[in-house]
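Before any questions on binding or motion, here is one chain by itself as structure tokens, the form predicted alone.
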Amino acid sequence: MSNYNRGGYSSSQGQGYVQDSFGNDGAAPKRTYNHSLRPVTIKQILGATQTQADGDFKIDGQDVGQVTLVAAVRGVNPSATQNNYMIEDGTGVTDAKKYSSDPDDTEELGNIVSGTYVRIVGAVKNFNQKQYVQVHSIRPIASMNEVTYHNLEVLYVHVNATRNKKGGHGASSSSSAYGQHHNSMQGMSSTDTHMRGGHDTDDVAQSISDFIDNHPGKDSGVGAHRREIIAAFGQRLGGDNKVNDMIAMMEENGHLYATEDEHFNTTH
């Protein structure tokens, strides 16, 4: 996980703490600043907790200094002192506020309109018992691939944080990041209980999930190619179309997601 430290970004996975001291005589207490940078979803921001009024927010039990997220702008409300954005990323909706003290703000408003996908770097703040983002940087994304890349980063950091907390076992999947239960195939609808030909959907879906989890592309985040899944399960399901139907159903139910060039990865 990248960290933001006073000189810029670093690749260290440390927490990014910096201590300021006003002297060595003990008269002024030292204050610790957390400059770590964590990729998050809006759901995680809204669910972040705070142990004291001026303390850092916590996500997955870890202190969070600064956050980065990718979201769609759903509303823009400029004022004399700040630009207010309503943002949404599929997991929730919140506000992002940027003070109008930057000479680039006029150009920024021209480039960021409702419907624009943006990358935001900022800090989690609270007002009237609701979290929002105090924006340090906001820019339109250059490619929709950035959305996929960001979601992979969120999953990676979340799983590692919760795995450490759980003592080596994976988190309860990505539920706290994305608001869906992904770590079993029991989310299939009752109308999908059996595929044509008598194949049990849950068993086949679990087998496909296991196949991707054990694929060399799993760790890189790319997953398995559609043709590899078809080659592995075409005979069992009775043809390419049946496998494609199963892949589409697993996507719809939140157990798979497309990565790139007809590759699919699991969401847990």
Partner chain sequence: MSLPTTKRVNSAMLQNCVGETVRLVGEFKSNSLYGTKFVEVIGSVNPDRSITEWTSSNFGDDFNMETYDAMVVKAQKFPSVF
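All of these numbers come straight from a predicted model, not from anything done at the bench. Residue numbers count along the first chain shown, from 1.
What follows is about the form predicted together with the partner chain, which we do not show.
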Three residues, R74, V93 and N151; all within 4.5 Å of the partner chain in the predicted bound form via heavy atoms?
-> yes
Contact label in the predicted bound form: V121 to the partner chain, heavy atom within 4.5 Å | no
Distance check, V159 to the partner chain in the predicted bound form, heavy atom within 4.5 Å | yes
Counting only non-hydrogen atoms and a 4.5 angstroms cut-off, does K43 reach the partner chain in the predicted bound form?
-> yes
Although the partner chain is absent from this view, report whether S143 comes within 4.5 Å of it in the predicted bound form, heavy atoms only.
-> yes
Exactly one listed stretch (202-210, 43-51, 238-246, 219-227) reaches within 4.5 angstroms of the partner chain in the predicted bound form by non-hydrogen atoms, and it is 43-51
